[in-house]
Structure formats: structure tokens, C-alpha cells
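Below you'll find only one chain, the form predicted on its own, shown as C-alpha cells.
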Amino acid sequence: MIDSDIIDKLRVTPGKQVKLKEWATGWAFADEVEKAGKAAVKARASEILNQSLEHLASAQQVLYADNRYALLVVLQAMDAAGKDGTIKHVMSGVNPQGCEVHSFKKPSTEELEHNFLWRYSRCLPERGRIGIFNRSYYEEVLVVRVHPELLANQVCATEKPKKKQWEHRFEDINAFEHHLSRNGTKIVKFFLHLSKGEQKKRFLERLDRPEKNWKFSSSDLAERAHWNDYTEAFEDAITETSTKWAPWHIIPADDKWATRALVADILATTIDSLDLRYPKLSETEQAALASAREQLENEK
């Protein structure tokens, strides 16, 4: 496991004003990490990832058997930050029957006829399971804020000034997450922090490599042109919604190996904090098991 003091540097303190330029995008996000050197840190990251994968696989079984908690993982980022790859590598060891990934595309007509949280609430993990939101209800204070014309498609009960619109949505999100937390859903939120230079490099790679051409869209460049607007929107959203019950972690995303090790370690540590345990059988249940054993052993 990574030292908790180092992980604390990635967690956004509730009430703290976030300025993303003050947060590292590369592997050397803390002095003690940088002093260790890239080669040593990369080797250690590989060990941590492997250990965390084993830990998550076993912890998922206890999460399911305990059946008191659910785990909701929220991933947000600029385009090409590595959300898909992070999910693929970090969750590769878990049982797919107990883990669901949801990616939210353009809302349907039915979804637009409900409040902005409705379509996300329908996909929440049940107790004993892990749910991953690859983008989430935070899009409703990010892409909709950068492109306010999208609000015209959302039926609102009242007219609100633009500033109040986002304040109200932050309040709604905090209340929504607080409700989930009180009812057994542990929420872990990751912002994969990618630099503009690294995004350009990854876009060019998608253009240069035929097997990656399908991942590139002209809309990627259109959204990149709004980089500063998205940065401001992310800063406000993280500042207003990093809470004690659902904290944000700002994860450096320029080095994929570092991103994956950090996310895996935080998830493993989070599940540990739930104090999960296998159910203790009653005397009646134990007697039933003893009877079943005797029946099986006496079979001819």
C-alpha cells in the first residue's frame, strides 16, 4: 500500500478552493516521490498495482457476502486522460458479475423529461456490488456549463439565473451523495488530471496509429478548443462537491502507470475502511450445515 500521507496529497480537502494548475499531472506529484526517482517509482507502481488487483479481487467477495455496502466509483477527466484504460487495468481481477461499468452518452428524450440526476440514479450499484461511472452526473455541471445551449433541452420547473443554476446543482449533487452515503453506498471520485500537452500527444497517436483511428473524432478538437472553460468548470465542481462523505482525488494522468497504481491503491484502501466481514451463522444455520455435511458424507 502507498503511505497514507502521500495519498492525502491527492485528496481534496472539503472547502478548499481548487486551482488545477497547482496540482501535478505527472508521476512526481510529491517531493518524496520525486526524490525516489522515476525508475524506482515506476517499479514500485507495478508492484502496488499487482498487489491491489489481488486485494480488490478478494475484497469484492467479502463485499458481496457482507451485503451491507455498495461501492460507487466516479471517473471524470478531459478527453484522452485514460478513463477506459484505468478501468480495464484496475478492475481486471474482479468478478464481472459483481461489477458494472456505465458510460453515459447523449440523454434520451425520456431522460430529458426527468430531473438531471434521474438517469444516473437508475444505474447505482446495489448492496454487495461495485458500480463504475465512466463520466457521470458531473457532466451536468461540466459539459452543460461549457455548452449552456444544452440546457434548452432540459425541462426545468423554474427559471434560474445562470450562476444560481450551477449552485443549485452542486447542492443537489451533495445532497444526493450524502443520501447514498447514509444508506450504505461508499463513493470514491477521481479526476484524472491530464496536461494539455499530453492530450495533444495522445490525440496525435490516435491519428498516427491505424488501430487507434476509431478513437479519434473531430469533436475531440472542438472540445479541446474549450480547454480553459472546462478547466474552470472542473475547478468549481471539485471545489463545491469534495465532501467528507464523497471526497475528490485529483490523480496525475500524464503517466498511465502512475494513474493506475494510485487508483487501484485508493480503491483497495477504501474497501478496507468498510470493515467488511463474512456473515456469522446462527446456531440453527450451523446445525443445518452439519446436517448437510453428514448427509453428503453418508452418500453411497
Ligand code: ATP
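Remember, predicted model here, so these are calculated numbers, not experimental data. Don't overthink the numbering: it's just position in the shown sequence, from 1.
This next part talks about the form predicted together with this ligand, which is not shown.
Exactly one listed residue, out of 143, 221, 123, 175, brings a non-hydrogen atom to within 4.5 Å of this ligand in the predicted complex: 143.
This chain lacks the partner; the member of 129, 202, 119, 102 within 4.5 angstroms of this ligand in the predicted complex by a non-hydrogen atom is 119. The partner is not drawn, yet in the predicted complex one stretch among 92-100, 188-196, 175-183, 76-84 has residues with heavy atoms inside 4.5 Å of this ligand: 76-84.
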